[in-house]
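Next up: a single chain in structure tokens, the form predicted on its own.
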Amino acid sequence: MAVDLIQIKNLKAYFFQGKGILSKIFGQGLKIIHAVDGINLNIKKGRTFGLVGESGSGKSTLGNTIFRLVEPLEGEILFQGSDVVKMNQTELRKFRQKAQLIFQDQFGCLNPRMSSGQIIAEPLMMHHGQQKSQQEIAQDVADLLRAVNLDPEASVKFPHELSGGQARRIGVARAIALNPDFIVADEPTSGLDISTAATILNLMQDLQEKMDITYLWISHNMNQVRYMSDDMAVMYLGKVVETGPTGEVFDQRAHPYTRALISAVPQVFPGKKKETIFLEGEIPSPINPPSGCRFRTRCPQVFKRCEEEEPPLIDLGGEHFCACHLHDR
């Protein structure tokens, strides 16, 4: 039975706008953006956990908060039993050697003044210091480039000389340089064509099998999450509305929002009938989220209780949970 590598408990991360005196003079006051608002997740070792939702749902903020690139307001992030939230800078550096983040912008996360080889070598040099010679570091870089199916000669190229797929592979090579236990992959195929994206997916699956890496896979692409992940969660406006084994979530589609997301996935088999659910309006502002159920302003099955009470995550069995009053009547 797989054990939990990451346990997230009641995690909250808010952003604050209008704290300056001028905003108070002109009547704006303090605005609180509820980006991540009470998240509970368990990510099992050696598996891939998918995280889906529309833009603005808080997916990327959750990923950044795990690394404390965004400081949490409250809650716990347990990694191998240690709370990342309470770590000092020395402990945090050690954690970041075991956990890595692949950013959404494949070019923006690469230093344009450094060659690909220097970008990959940087974490190796910071970690190993004087323990390894320059020749040994260079050999490690060559091995890492081969691991992501790039020729070692690519080490002399600068980011502007790389294609989108090559830039993404350099980011992956850097992420696996220190043999991490955990990687957060934030939209890892963003901006890539279908063929290149498929190559990256297969590459990351191979690396997971060889290195026993645990992934948090953040994406808005439902087909990709279904292909890659063992377990998944659906986020809406800072909240998890459904979570469970990926097959269960796709087959049962317990939450109206999950049903709408899956209904929007393009049909693979021509001629097969499928229901398409169109959601009216846009995702509300996280500054002033709706009362009760946050999805109620767009839900086709809303009723009075949805406005009055926030639905808890209800156990549907088989580690499948859904936050919807339709399952608690």
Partner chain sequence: MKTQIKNKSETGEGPALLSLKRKWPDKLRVIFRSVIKVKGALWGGIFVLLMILSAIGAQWISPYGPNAQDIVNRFAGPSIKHLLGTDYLGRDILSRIIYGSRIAVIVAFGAVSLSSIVGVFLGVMGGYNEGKKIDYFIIWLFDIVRSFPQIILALAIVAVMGPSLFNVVLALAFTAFPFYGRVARAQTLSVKEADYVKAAEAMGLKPLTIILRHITPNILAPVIVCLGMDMATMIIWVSGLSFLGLGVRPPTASWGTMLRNGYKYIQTSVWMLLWPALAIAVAMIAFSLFSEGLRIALDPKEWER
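Numbering follows the first chain given and starts at 1. Please read these numbers as outputs of a predicted model, since none were measured by experiment.
The discussion below concerns the form predicted together with the partner chain, not included here.
K.L.:
If you check in the predicted complex, is residue 85 within 4.5 Å of the partner chain, heavy atoms only?
P.N.:
Residue 85 lies outside the contact set for the partner chain.
K.L.:
Hey, in the predicted complex, does residue 123 get a heavy atom within 4.5 angstroms of the partner chain?
P.N.:
So residue 123 counts as contacting the partner chain.
K.L.:
Going by a heavy atom distance of 4.5 Å, is residue 69 a contact of the partner chain in the predicted complex?
P.N.:
Yes.
K.L.:
Would residue 135 count as touching the partner chain in the predicted complex under a 4.5 Å heavy atom rule?
P.N.:
Within the cut-off, so yes.
K.L.:
In the predicted complex, which of 61-69, 286-294, 32-40, 299-307 comes within 4.5 Å of the partner chain (heavy atoms)?
P.N.:
One stretch meets the cut-off, namely 61-69.
K.L.:
Though the partner is not shown here, which residues of 160-190 have a heavy atom within 4.5 Å of the partner chain in the predicted complex?
P.N.:
Stretch hits, in order: 160, 161, 174, 176, 179, 180, 181.
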